[in-house]
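Form predicted alone, single chain, as structure tokens, below.
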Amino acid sequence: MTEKPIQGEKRVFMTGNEVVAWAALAADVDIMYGYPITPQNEVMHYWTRLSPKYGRGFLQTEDEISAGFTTCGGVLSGKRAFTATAGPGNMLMQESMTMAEMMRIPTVLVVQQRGGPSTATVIYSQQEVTMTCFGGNGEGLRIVYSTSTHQELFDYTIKSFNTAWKYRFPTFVLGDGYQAKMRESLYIYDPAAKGIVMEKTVPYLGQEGTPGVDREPQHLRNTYNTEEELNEQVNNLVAEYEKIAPEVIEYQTFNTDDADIVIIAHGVVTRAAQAAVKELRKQGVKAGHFRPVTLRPIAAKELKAVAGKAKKIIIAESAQGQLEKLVKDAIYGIATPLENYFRPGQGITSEELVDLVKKGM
């Protein structure tokens, strides 16, 4: 048996894509399936360099459609498997991810967002929120973590495998091009050293015994013959998703208890929001920040409570209103004035947010 990739805990300085590869190794991932697309490429590059040393596998497929479906196949065989992509690749994987929703296949997909529509730019954006949360021709029954730091990329990549296998819904780690390419320090660790027990993986197919005699039969279906059958299945899926949602939802608040102005942001933009709140507080402005960590399901009750107490809400995102759609749905019925700061494909700085707040006072 090969030694563990990470012994205990250590501090490192690396790119976000390298972080994802190390996190997958630490999570005892058996195999990665993938196809190259910027800015995700180095996840594959680092994985293929590291994985042979620890007895792990890799398959480069002919395209992203195949990468998504082979990931589903690996999971069905009982492997802890994942894939990673960005932009147009994320779009091409939506068919396989909706199949995973319907069949409750615990797939994991890391998305390093790039600009859109179409090829657009390979650099950065937060324009894959809607597609990642609700892509495909279904109800968007998946779990989406939005990370803001390299430490979170490591933590949530590990966590995504446990979330997927525990709840049996496809799980996404939503990073971005900035996180993918830049370097920063973080702690990487063996999950066991932190008391994290990885969920056991089991094969969906090829189990021993006779179905219905030695074990419960499985009905692995993603197609239904009648409207009534589909209606029943979707109702069951939605009921199960809503049941587990309170356990899955994660969010953070910063100085929101007495905030007159609340900045809502996610992912890497939360860094700018936190810094802006600190600066505004120094200047005597009662500013706060609400950060949804899970975009799907989102912390609607908590967000509504914060928004209801504020005098003004500012939604800041590197997209044209994709976070706004989630927020408006969550706080429906709240009359607090709302202002947007949309920068599709562009980074957002704390200075910009401070100026925006001060100009609106």
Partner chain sequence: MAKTVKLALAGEGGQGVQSVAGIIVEAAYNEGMEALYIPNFGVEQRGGVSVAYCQISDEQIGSPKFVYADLVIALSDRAVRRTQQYVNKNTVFIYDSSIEGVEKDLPANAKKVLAIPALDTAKKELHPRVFNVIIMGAAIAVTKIIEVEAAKKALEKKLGYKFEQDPKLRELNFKALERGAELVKDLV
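These numbers come from a predicted model, not from an experiment. Numbering follows the first chain given and starts at 1.
Although not depicted, the form predicted together with the partner chain is the subject of the following passage.
> So in the predicted bound form, does any heavy atom of Ile348 sit within 4.5 Å of the partner chain?
Yes, contact at 4.5 Å.
> Give a yes or no for Gln94: in the predicted bound form, does one of its heavy atoms lie within 4.5 Å of a heavy atom belonging to the partner chain?
Looking in the predicted bound form, residue contacts with the partner chain do not include Gln94, since no heavy atom lies within 4.5 Å.
> Does any heavy atom of Glu199 come within 4.5 Å of a heavy atom of the partner chain in the predicted bound form?
So Glu199 does not count as contacting the partner chain.
> Whether Thr223 contacts the partner chain in the predicted bound form should be assessed with a 4.5 Å heavy atom distance threshold; does it?
So Thr223 does not count as contacting the partner chain.
> Counting only heavy atoms and a 4.5 Å cutoff, which of 266 to 274, 285 to 293, 131 to 139, 204 to 212 contacts the partner chain in the predicted bound form?
Partner-contacting stretch among the options: 266 to 274.
> Could you spot which one of Met182, Leu230, Val238, Ala192 gets a heavy atom to within 4.5 Å of the partner chain in the predicted bound form?
Spelling it out, the residue with a heavy atom inside the cut-off is Met182.
> Heavy atom within 4.5 Å of the partner chain in the predicted bound form: which of Gln127, Thr256, Asn162, Thr149?
That would be Thr149.
> Do any residues of 115 to 144 have a non-hydrogen atom within 4.5 angstroms of the partner chain in the predicted bound form? If so, which ones, in sequence order?
Heavy-atom contacts to the partner chain in the predicted bound form: Val122, Ile123.
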